[in-house]
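Read the single chain below, which is given as structure tokens and is the form predicted alone.
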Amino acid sequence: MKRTRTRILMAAVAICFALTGIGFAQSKGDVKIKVYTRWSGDEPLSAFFRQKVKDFNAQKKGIYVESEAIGSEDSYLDKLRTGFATGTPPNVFVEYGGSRIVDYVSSGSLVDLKPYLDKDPKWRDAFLPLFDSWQYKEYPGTYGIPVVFYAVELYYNKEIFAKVGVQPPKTLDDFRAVSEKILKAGYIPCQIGEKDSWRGGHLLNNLVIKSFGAEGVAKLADRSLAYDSPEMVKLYAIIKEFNDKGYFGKNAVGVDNNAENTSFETGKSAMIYNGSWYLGNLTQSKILDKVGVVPFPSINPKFSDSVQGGAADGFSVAKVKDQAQIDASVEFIKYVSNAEYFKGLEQVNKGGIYPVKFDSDPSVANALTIQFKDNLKNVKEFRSDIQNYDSASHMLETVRLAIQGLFIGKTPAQCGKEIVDKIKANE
């Protein structure tokens, strides 16, 4: 009888824990934490992270990580917002920092990680100076740690370029001339998977950074350079011109990023602008030996050494009532952001660039990775997504959706007006 009452009591407690979202002790760990990422693919980064989650769960006593990956950016952001809005956020999540998470910071929903970093100088000091995306003047502290360091460059198919008789473009005018010849030869010059709106967003990032540098990024953020200004409309016009001429494929908005990558890797398109994360894909592909890489084409010579890059994805920790969950979350992010983790990732990627300092193994880096790194030697400034420096949290989505309109018939002037109208509506 006593045992029956005990079982009933334990069942009631379990239900109570489940309803509060705290979670009851599992066989694999006493403290359960939920982790959201967008690393859902089969590329080395995603596969390696999934394995490390398994390793963590096998090695750590008292903690169990439940990891969920959502590949679609829109779906990911919707789920993240819903989680915070309903009081059921993930304990750990991946985001870009900047304006993307400022609302969570201002509402006190994130853990200040600075005390944890200061408590472990070895962990803290191994990072490159990339924390600015998770630091805010009005909110003292550090609300995320970088786990992806990236730069965007232009990959090209050396075999196609040799057949067509062209050289890698150094300037935007070169890109125009090269694309015309590649198009006439029957190839797609530079397929874009604009079904994923971040692709057009990255294109605009590069056009802005190569035209106006970090100064221009700051001016867009403080509105001294308007999104509907003649300078910006000229950049939208370049995107529309190149799309209308077929440089980006016949129906860019009907192609997603995976199909864009496949187009390049199967020799259908001759160029692809992409980040350093793409080195891992190419290392695993059959096309590796045919690929070269150069800086994104220059526009204003003054800013030829300005590059889209810096910290990309970073881990943030939600501030929940259970301190044990917070401590477990920090322990987990330390496990997947230390030097040993990135050494392992370098091995599976056969190279790459990372946000943590460590001695690389020269035997694992391929020629493409070495060239990619060499292209960064003279870089004077990195800037990530230009809307990350904006105080308005809606700007990344607003600009990307407006840019997407250029691929389906909107004019450059309409694009600029759409962005400015949304800014005014949110003031």
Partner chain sequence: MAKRQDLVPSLVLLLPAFGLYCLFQIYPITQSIYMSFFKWKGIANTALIPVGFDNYRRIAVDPYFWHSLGNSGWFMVGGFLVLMPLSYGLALVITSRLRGLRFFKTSFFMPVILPITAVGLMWVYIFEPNWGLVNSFFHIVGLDSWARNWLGEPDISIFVVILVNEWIYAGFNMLIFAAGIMAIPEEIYEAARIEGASYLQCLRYLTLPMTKESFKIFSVLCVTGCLKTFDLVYIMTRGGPNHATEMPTTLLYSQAFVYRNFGQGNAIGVVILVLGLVLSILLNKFLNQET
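Residue numbers count along the first chain shown, from 1. Being a predicted model, the structure only gives us computed values, none of them experimental. Heads up, when I say rigid core I mean the largest set of C-alphas that superpose within 1.5 Å between the two forms.
Just so you know, the form predicted together with its partner chain exists too; it's not on screen, but the next bit is about it.
Enquirer: Sort through 336 to 344, 351 to 359, 244 to 252, 303 to 311 and report the only stretch with a non-hydrogen atom within 4.5 Å of its partner chain in the model of the complex.
Expert: Stretch 244 to 252 is the one.
Enquirer: Should Tyr104 be classed as touching its partner chain in the model of the complex when contacts are defined as heavy atoms within 4.5 Å?
Expert: Within the cut-off, so yes.
Enquirer: State yes or no: in the model of the complex, is some non-hydrogen atom of Thr82 no more than 4.5 angstroms from a non-hydrogen atom of its partner chain?
Expert: Close contact exists here: in the model of the complex, Thr82 approaches its partner chain to within 4.5 Å, heavy atoms only.
Enquirer: With a 4.5 Å heavy atom cut-off, would you call Ala402 a contact of its partner chain in the model of the complex?
Expert: Ala402 belongs to the contact set for its partner chain.
Enquirer: Is there a non-hydrogen atom of Lys219 within 4.5 angstroms of a non-hydrogen atom of its partner chain in the model of the complex?
Expert: Outside the cut-off, so no.
Enquirer: Using a 4.5 Å cut on heavy atoms, which of Asp78, Glu138, Asp118, Asp173 is close to its partner chain in the model of the complex?
Expert: Here the answer is residue option Asp78.
Enquirer: Under a 4.5 angstroms heavy atom criterion, identify the one residue in Asn366, Asn57, Asn375, Ser393 near its partner chain in the model of the complex.
Expert: Checked against the cut-off, the match is Ser393.
Enquirer: Which residues from 395 to 423 come close to its partner chain in the model of the complex, meaning a heavy atom within 4.5 Å?
Expert: Residues within 4.5 Å: Glu397, Thr398, Leu401, Ala402, Gln404, Gly405, Ile408, Lys410, Glu418, Lys422.
Enquirer: Using a rigid core superposition, assess whether Ala162 undergoes a CA shift of 2 Å or more between this form and the one not shown.
Expert: Stays below the 2 Å threshold, so no.
Enquirer: Compare the position of the CA of Asp222 between this form and the one not shown after a rigid core fit and state whether the shift reaches 2 Å.
Expert: No; that C-alpha moves by less than 2 Å between this form and the one not shown.
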